[in-house]
Each structure stands twice: as structure tokens, then as C-alpha cells.
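Just so you know, structure 1 and structure 2 below are the same protein chain in two forms, each on its own as C-alpha cells.
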Structure 1
């Protein structure tokens, strides 16, 4: 995810010379430097102070470690941050309150929730501003993240709901492809062929949905002829309660996100 954002920043016009990436291993640092020519990549194995070095003099710092390590990282770099440095966290379940408590008082903080299609520049990236983040600083963050996908601004109390839809959502689509492929095999198709057509069908439908202003209901109706095969399939999905199953799954994901936040804080 972090490399997806890194690639998006460069694709969006950010000068690679202005980017410093920190990682644990020297091999990973070399890989990043070669793949994204012009950036500086510092490995903790060689420079134990690499995070503080990167934070010093930076206008924007993106924290992309696992949720359990965010508070420690924030405390580690706190003394190296300028008062107006914008700190963006892309860690799930770590609240703005937890971030602000681990950083110097008054530090501008933004909580962001990207999803994996950001790797292709087609992600959904939410931003929620902290107590000391100005509108101009929030706009800067939006502009930086926009190269990785669609940026939406939401209040923090909606982050868990967004995560249940966009954060976990790619897995739902992949799960659908698995189920469609299995269904094709049951109907007599070769496994490899069934997976191919299921994958390409969902990908193609995604491209149709990506058109500006595309209405999923209108698209569905356009391929659902009265008394036809698709109508019969949709009626079966409805009768088996598929919409409710999806809603229950999303609710469970949101509840789990809230549980993790409590465990971390």
C-alpha cells in the first residue's frame, strides 16, 4: 500500500528527489530506489535513526506501519517534526485521538484509509482531519493522494463504515469471482476457463461502473431482460437474502474495526 502511494505521488508530478522512504531492510531500500529512480530510501538495518532522519525537514510525513506500531513510530519521530509538518496515517483502526496523543501538541494530523486498488491508481482513499489540521493542509493531502485514486473527505466517525465497504470491498469482489468460477465448474466448465471468464467479467463490469456517473442499478436493469436468465438469477439471489448477507458482512467488518481501535487504545 505504501509503495502504491509512493508510485502515485511520482505519477502525479511529485519530484522523486523530494521523497524519502524508510524501510527495515537494505535489500528493500535498494529495490525501492531502483524501481522509483530519484527517491532516497533509507534502511533501518544500516541507519537505526532512519525514521527521524526522514521526518526532519519534511513538509508531509506518511505513516504506513501496522496499526500496533503507529503510536511508537509517532513518538519516535515527534521531536524531528516541524510544527506545521502534516502527519498522515494510513493505518487501520488508529484514531485521530490516539495519533494526536502520541505526537507533539498541536501537530496537524490526518487519518487516511486507502484500499488496494490504489496500486493501480484506482483506489478509494478517505481523509479525516485532526484537531489542528487547517483546510489548506487538508487540501494539500487530498492533492497528494489523488494520484492513487478517488479521494473522499469524511468525518472520523464514518471511517469504520467506509473501511467495511472500500477497505474490505476488494476482497468481496475477489470472493465473488471465486464463487462464480466454482459455479461455472459445477455447470460443467473447465476450471481454468471458468476462472478466466469470471475474472474478466467482474473486471469488465468494474470498468463499466468506473464511467463518470455510472448508476449500478441502471446498469443491472439494462442487462436484466424480463423473464430472462439474468432476471431468474437475480430473483434467486434476492430470495436467498444476498443483499442482507452482504450488509451483515459489512457490519461485522465495521464492528471488528471498532474492536481493534479499542484494543490499541
Structure 2
């Protein structure tokens, strides 16, 4: 996820020379430096000085370790931040309250929830501002993150719902491709062929949806002839309650996010 954002920032015009990335493993640092020419990639994140050094003098710091490590990392670098350094956390389930408690009093904080298509500049990235983040600081973060996709500003109490749709959503789309490929095999197609056509169909439909102003209902209706094959398939999905199954899955994801926030608290 962090590399997706890193790639997006550079594609969006951020000077690589202005970016410092810290990771744990030396091979990962080498890989990042090779793939994103001009950035500084520092290995050995366990050495507290490395993260502190990266944070020192930075206008924006993005925290992207696993949720369980975010508060420790925030405490680790807190003393190296300028009072107006904007701290953006992309960690799932870590609340603004938890972030603010781990950082120096008054630090501007933004909670963000990206998704993996950010690596292609086609992500959905939410932002929710903390108590001390000014409108100008929020705008700066939005402008930065816009290079990785569509930025939406939401109140923090909607992050779990958004995460259940856009955060987990790419996996739902991949799951649909897997199910379509299995269905093709059941209908007698060779697996390789079935996977190829399922994958390209969902990717192609995704491109159609990506057109400005695309309306999924209108697009669906345009390929659903009365009394035709697609109509029969959609009627079967409806009869089996597929929309409510998807709603149940999304609700389960949102509930799980709330559970994790409680565990981390």
C-alpha cells in the first residue's frame, strides 16, 4: 500500500528527491530506490534514529506500518516533528483519537483509507481531518493524495463503511472473477480460457465504469436485452438474493474494522 502511494506521489509530480522512505529490510530499501529513482530509501526501521531522521524537517509524514505498530511509531517520531508537520496515517482501524494521543499535543493529523488500485493512480483514498488540522493542511494532503486516485473527504465515523466498500472492494471484484471463472469451467470451458475471459471481462467493464459520469445501472441495462440471456442471469442472481449477500459481506467487514479499533484502543 505504501509503495502504491509512493508511486502515485511521484507520478503526480512530487519531486522524488523530496521523498524519504523507511522500511525494515535492506533488500526492500534497494528495491524501492531502484523502482523510484531519486528517492532516499532507508533500511533498518527498527533503529529509532532512522525513522526520526526521516521525519525531521518533513512537511508531511505518512505512517504506513501495520495498525498494531502505528501508535508506537507515532510516539517514536513525535519528538522529531515540527508543530505544523502533517501526519497522515493510512492504517486501517486506527482512530484519530488514538493517533492524536500518540503524537505531540496539537499535531495536525489526517486519517486516510486508500485502496490498492492507488498503485495505478486509480485508487479511492478517503481523508478525515483530526482536531488540529487546518483546512489548508487538509487541502495540501488531498492534493498530494490525488495523484494516487479519487480523494473523498468523509467524517471519521464513516471510515469503517467506506473501508467495507472501497478498502476491501478490490478483493470483492477479484472474488467475482474467480467465481465467474469457476462458472465457465462448470459450463465446459477450459480453466485457463475461462480465467482469461472472466478477468478481461471484469477489467473491460471496469474501464467502462471509469468513463466520466458512467452509470452502472444504465450500463447494465444496455447489455440486458428483454427476455435475453443476461436478463435470465440477473433474475437468477436477484432470486438468490445476491445483493443482500453482498450487503451482508460489507456489513461484516465494517463490523470487523470496528472490532479491530476496539482491540487496538
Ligand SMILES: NC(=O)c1ccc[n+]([C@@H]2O[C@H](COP(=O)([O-])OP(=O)(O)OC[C@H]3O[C@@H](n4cnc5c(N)ncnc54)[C@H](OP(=O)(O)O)[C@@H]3O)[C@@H](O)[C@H]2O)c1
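Just so you know, these numbers come straight off a predicted model, no measurement behind them. Residues that one form lacks are left out of the comparison. Under this definition, the rigid core comprises the largest set of C-alpha atoms superposing within 1.5 Å between the forms. Positions refer to the first chain, counted from 1.
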### Task
Compare the two displayed forms of this chain and pick out the form predicted on its own.
1
### Task
Determine the segments between structures 1 and 2 made of three or more consecutive residues whose Cα atoms all move at least 2 Å, using the rigid core for the superposition and only residues common to both forms.
45-48
